[in-house]
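Heads up, the chain below is alone and in the form predicted on its own; it's given as structure tokens.
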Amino acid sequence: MYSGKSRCLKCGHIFEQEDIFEGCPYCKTEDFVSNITPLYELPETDGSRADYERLFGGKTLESYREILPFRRKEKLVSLNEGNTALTELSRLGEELGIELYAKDETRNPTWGHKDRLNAVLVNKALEQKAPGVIYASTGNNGASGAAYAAKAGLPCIVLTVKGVNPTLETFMQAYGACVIGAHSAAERWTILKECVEKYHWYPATNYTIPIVGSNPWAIDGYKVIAHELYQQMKTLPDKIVVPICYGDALFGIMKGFEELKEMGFVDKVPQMLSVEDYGPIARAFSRKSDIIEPVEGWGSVASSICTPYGTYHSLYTVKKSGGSAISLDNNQQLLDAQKDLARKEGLYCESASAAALAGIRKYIASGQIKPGEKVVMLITAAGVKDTKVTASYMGEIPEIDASLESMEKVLKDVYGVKLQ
């Protein structure tokens, strides 16, 4: 049960108010801010699967009230998110020499993992009697939030930037959100902060520097991923690989496993491995520093994760779980991974999601993922949200005359396929 309290990850300060969206003020400095996270009084159990089913067996958002930050008892708003597929990637796993699985979050209502966060956020906004919810987003989070706000009957503002992916722009508008473009991320954050402070709109996303990531109460929606993996796997994975922007899901999944361990259902927390394109967390991790300095970008096509900034809860997660952090070097690593997931496993994911497979390849090369280990990678969003990236390496569809011979020639010359 939610205690109504939260705790700073760094200094441990306990808070009883629920309007702290800028990180812990007690240990904050000019170049560092720690995240806070809600606290719970977890139920006593005998650690058995049967006892788990008694507590959480309904497999709906309502089923997880004991580990979600709600005080009100009204029925929760939901779009039937969750219960996403866990798919064994046998062909890629055999190539890589590991036991590889994908937790496929593209099966959520808006085709991505942000639905986990927004299912909690919108219900928390209702509980707080907020006049509406507000986002700074270039697509996935804004679209997801707009959908849940529509379901809840709450007004929704999405502050985006000019030049955003047109597919995601339409996606955000389709649900009726007020989508407004700003000239820069910094301008979005300034406006969002003022809207929170002056009009008390409920914030979903970060609006400060140093970065703190998303609303800390909403992040707990990602804990349910850990619960689903517990239900779907006879033995837990050795490692979970997550492509990160601000690392909300990375932290939320680990927190879910920590609570499962505290309740006696599991005896370990899997190692959490992060993958970035630019690598602010990877650099801080390698330097053994808590200060996460901005880094230079290299023009990543993975718009959902390309940021020069990192968050403390990401760094905290890889350290506490005994995990690691790695960054990519170029777009070809992303495109090769996206292509391989689609063509070898039938999973067409966003380039940011494909970063997980690209990162796994680097972890294997560095010896941080060992032969035979069981690894789960998080597929965060569907490829149909950004077909422009995929189209860049597909080429034109060849045309043929109305003859079998013409088709045979194209199959042979273009695709290397011979009819037999």
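Because the structure is predicted, anything quoted here is derived from the model rather than measured. A residue's number is simply how far along the shown sequence it sits, counting from 1.
There is also a form predicted in complex with another copy of the chain; it is not shown, and the following applies to it.
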Can you tell me whether residue 139 touches another copy of the chain? I mean in the predicted bound form, with a 4.5 angstroms heavy atom cut-off.
no
Can you work out whether residue 1 and another copy of the chain are in contact in the predicted bound form, taking contact to mean some heavy atom pair no more than 4.5 Å apart?
no
Is there any non-hydrogen atom of residue 16 lying within 4.5 Å of another copy of the chain in the predicted bound form?
no
Any non-hydrogen atom of residue 38 within 4.5 angstroms of another copy of the chain in the predicted bound form:
no
261, 72, 287, 151 - the one with a heavy atom within 4.5 Å of another copy of the chain in the predicted bound form:
151
Students should find that, of 236, 295, 301, 182, the residue having a non-hydrogen atom no more than 4.5 angstroms from another copy of the chain in the predicted bound form is 182
Using a 4.5 Å heavy atom cut-off, which stretch among 26-34, 375-383, 352-360, 49-57 contacts another copy of the chain in the predicted bound form?
375-383
For the stretch 404-419, which residues lie within 4.5 Å of another copy of the chain in the predicted bound form by non-hydrogen atom distance?
404, 407, 408, 410, 411, 415, 417, 419
